[in-house]
Each structure stands twice: as C-alpha cells, then as structure tokens.
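In the block that follows, a single chain appears as structure tokens, in the form predicted alone.
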C-alpha cells in the first residue's frame, strides 16, 4: 500500500516586531560545500516513486533529501516530501502488503517470544510527534569534505509515529534480563548468501534508558508506514538520530553488550579528524539543539526585493524542547528574538519560528540560533569529526541573500 499525498498545512504567521537594518553587512563567502550538487538529476527509486519529485533531491537510490524550499509553513512534514535514508537496499515491497502479519522476535527478556504486529497492537497505543533526522544532516558544510551523502538541511522532518510503547512490550515479556545495559534493534533487510551478516546488517544498540519514550511503530502521520520509511514495523527512539530508529525491525533484544555488527562497532562514531574509527569513540545517539532558516529558502542565486520580509525557520532542542530562537541578518553580529508559530507538539517535535525584518538593498547573511529547555545554545562552530555527523553549527547554516 502506498500512502496518499497529504495536503500541506498552511498557517498564518504573526511577526514579533520589525527590525530596520541597512544593507551594509559584508558578505563572507560560505564554504563551497554549501552549494548543492545539481550536476545530474536522478529519478526516484521504485520504492519511493510515489513521492513529490519536485520537492526532493535524489542523491542516490538510498539517499533522498527534502529541498529547503519544500518544508513550507506546516509543522508536520508530508510523507511525499520526507527524506529517505537507507544504509542498504530495502527489503521487497511485499513485506508491507500485510503489515499485521510481520513478526518481531523479542529476546534478552525473561519470557522471550515472537509477536506479530497484530499482537503488538493489543498491548497499547501512543502517538509521538518527533524530529526524524539523519546523523549526517549538515555534512555538506564540513570543509574536510567527509565521505557520505552531502546533506544540507533536508535530511530531516517532523512526523507523528504511532505504535506500542517498548515498556509495554517489556511488561508483556517479563522484563529485561538482569544486567541488560543496551536495547538492540535488528533490521529486516535481506543479507546475500555467503556474506558475513555482521558486515552488512543494520543492527543498532542504544542505552537501555532510551526505552522510556521508545515505541514500536506501525503508523506514520496516521498511515501505515510505507517501505521507504521502515514499514511494516519500525523502532522509534525520540531524540535519537535516524540510524537508531531501526527500519523493518525483526528483532528487539536486551543485553549487557552492544551489537557486534559493523554498523555499531565501526560506524556512526564521533571519530576525531585524522583518526580511525574504533569502539571506544562516542557513538552517534542523541541529537543536539539545532535550527535553520526555511524562508528565504536559500536557492542558488536567490534575490529578494527590498522592504519587509518574514524570515521563517525550524528549531528543535534534541532531547528536550526548544526554548527560544534568535535571528541575525548580519552574520551573527546582532541578534533579535523570534516568535514561535503554531502549536507546541511536545519536546521531541520541532517548532516553527518567524521574525519580521525590513531590509534595504544590499547583501545579508541570515542566521538562526536556538536554545533548548536544558539551556544548551546552538553553537557557532560545528564539532569536528571525520564522518561529518551532528552538525548543528549556526554559522554553517547561514544563508546569504541579495536584496534589490
């Protein structure tokens, strides 16, 4: 079953005052990595052919980015505009034909068992609005040009997952075995014969404390999860980066050690520049506070008419709610407070923000800086690492515009 096209919600925005600024700020050239590679347009892969092609950038069959101009003015990202990231090719489409029949094996508990999605549905139901974001979102801004997809801001979306709390599943299986420190999800991608499963399979371990808000989801934005987004069943861990939200989950296990899979041991680690990745380095788990501008949308060569302009954007706090957002039009020299727009969907969802500016002809650099409820301020500089993970630098995400 393919999801229907969801209508984009439109909301009226109100401004939090007007800043009158002359166009005297000097334009500092941004890193060349900011420019989106448009050398060759690619077609949507078959499993995502239902998506809105004009709203997306197809980097590869397994990496599809939402254009900055496609986020719009709604809080919830429509499925046909939501980014796609797969570490390996997805399973066959037929696995979502009968979602209730999908089987999950639950191990490392006092009463191990296999449960179908239909059986999981009897244990409880919650809906979690949350930011879903690839660990490498913002990689294009790293001057070191790390390997991997050159995401800018579009490897993220705000969606509502619905499913059963992991805590309810644990209760139904007698609880985790003594000494368990990690929860491990194993994806249902097919492993070619003759290959070492540990080298290929998507199996991620996260601290067992993450079960507090984790769910096993079968719906996204009120529809059965399509194959492109991990259906028929996905492990959802709010506040954690996308790779930890294991798609097509076929096994949920609790153990004292992390998975032996390569994707856990040797991937998604915060590796210092110039070093090789190893298991002693910090794993890419929790998301940091972050924001970026969505309007003006930053398309190459964008020119804006002088006068009043509504600067809009998106912000989230990571593991806590976002508290406030400031906006600058002069590259971070001066900041003003933005206003939130629309409802607050909870601590894991993003908030829209807006501020009115009055710009004279000239060149500007528009930046946003978020602060979380925990008091963490979005930093000016990225955290250097060899794989380009967790970039939340406000300076990297600035947008240069020309006002005429």
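Worth saying up front: this structure is predicted, and the values here are computed from it rather than measured. Positions refer to the first chain, counted from 1.
Below, we turn to the form predicted together with a small molecule, even though it does not appear here.
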- Task: Although the small molecule is absent from this view, report whether residue 189 comes within 4.5 Å of it in the predicted complex, heavy atoms only.
- Result: yes
- Query: Looking at the partner-bound form in the predicted complex, is residue 134 within 4.5 Å of the small molecule by any heavy atom?
  - Reply: yes
- Going by a heavy atom distance of 4.5 Å, is residue 243 a contact of the small molecule in the predicted complex? yes
- Query: Though only this chain appears here, would residue 229 touch the small molecule in the predicted complex if you measure heavy atom gaps against 4.5 Å?
  - Reply: yes
- Select from the listed residues 118, 126, 273, 88 the one whose heavy atoms reach within 4.5 Å of the small molecule in the predicted complex. 88
- With the partner omitted here, the residue among 217, 322, 214, 202 that in the predicted complex has a heavy atom within 4.5 Å of the small molecule is 202
- Tell me, please, which stretch of 284 to 292, 78 to 86, 96 to 104, 328 to 336 lies within 4.5 angstroms of the small molecule in the predicted complex when heavy atoms are compared? 78 to 86
